[in-house]
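Given as structure tokens, the chain that follows is alone and in the form predicted on its own.
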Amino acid sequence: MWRWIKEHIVLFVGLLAMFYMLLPIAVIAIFSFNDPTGRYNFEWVGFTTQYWQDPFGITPLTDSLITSIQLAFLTSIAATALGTLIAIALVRHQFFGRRAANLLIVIPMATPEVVIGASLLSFFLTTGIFKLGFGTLLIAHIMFSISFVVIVVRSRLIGFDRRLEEAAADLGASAFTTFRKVTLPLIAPGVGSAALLSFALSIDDFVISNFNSGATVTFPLYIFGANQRGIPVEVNVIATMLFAVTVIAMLSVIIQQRRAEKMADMRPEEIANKPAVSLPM
């Protein structure tokens, strides 16, 4: 008996950790089917699908969700583009200050959000260039998301086999064609993961947004305000939807990453047996 327990102790600890992490999400999903009698959705009253039939019926809630999605989408695009270029520069090129840049790029990740939020607010108010609102939120979200993108893409580039690029160059492909046909597809899972990470970081940020939002209300800020008078069940419904979309996106990235790893590990004779693909010049 003890031997069986020792052999499976890692599995039990892993399942316990998973249960601990996913329990709050399960509670949110379960209470999206609750039918509370008052303003507070903290006690199970009865099962209903009423709130799933019209999850966007509360206009301020829907507006805040749209604002958060727009903010996260723009943040994801800008942070992924800038972070990918920075990661390529740090991994592929030697320049003065490269070691310092490698250190400085992780500082925003280690800095408390309250410090970043207060610093950005002071900067915006001192300079007076930007008026607090969607623009300042976008600048703030891009700033703290870039570091995460750089770390994810850089780890992908470090394990990249440069011989594949050299082979494409030997076949006559230009630098841009090599990047578009060889480099980008192989680092795409890392870039995609970084984009999803920056999207997730942006859409649920509260602390930094609370400092720099002005009159703009994002989804987390709306929930914080609604908490004072009772969170509507529609918030549980939308939160469950967001979690489901996140899981689907993560599974897609994992599948694409496995395909890229198979391509990278493919032997020359296997490549030779595959249909020839011409590299446009």
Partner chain sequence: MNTFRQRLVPYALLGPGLIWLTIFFVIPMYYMLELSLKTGSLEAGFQMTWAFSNYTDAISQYSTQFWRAFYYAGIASFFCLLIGYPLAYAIAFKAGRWKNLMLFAVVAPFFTTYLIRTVAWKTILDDSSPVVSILKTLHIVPPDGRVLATSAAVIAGLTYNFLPFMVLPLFAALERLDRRLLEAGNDLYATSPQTFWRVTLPLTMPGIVAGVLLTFIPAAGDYVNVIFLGGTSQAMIGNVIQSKYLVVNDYPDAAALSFTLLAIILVALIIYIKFAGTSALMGEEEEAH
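Predicted model, so just to flag it, every value in this text is computed and none were measured. Numbering follows the first chain given and starts at 1.
One more form of this protein should be noted, the form predicted in complex with the partner chain, which is absent from this view; the next part is about it.
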The stretch from 87 to 95, 69 to 77, 165 to 173, 185 to 193 that lies within 4.5 Å of the partner chain in the model of the complex, judged by heavy atoms, is 87 to 95
Considering only heavy atoms, tell me if residue 247 and the partner chain come within 4.5 Å of each other in the model of the complex.
-> yes
Check: Using 4.5 Å between non-hydrogen atoms, is residue 258 touching the partner chain in the model of the complex?
Finding: yes
Exercise. Quick one: is residue 177 in contact with the partner chain in the model of the complex, heavy atoms, 4.5 Å cut-off?
Worked result: no
is_contact(residue 36, the partner chain) in the model of the complex, heavy atom dist at most 4.5 Å: no
Contact check, 209 to 235 vs the partner chain in the model of the complex, heavy atom within 4.5 Å, ordered by sequence, gives 210, 211, 219, 220, 223, 224, 227, 231, 235
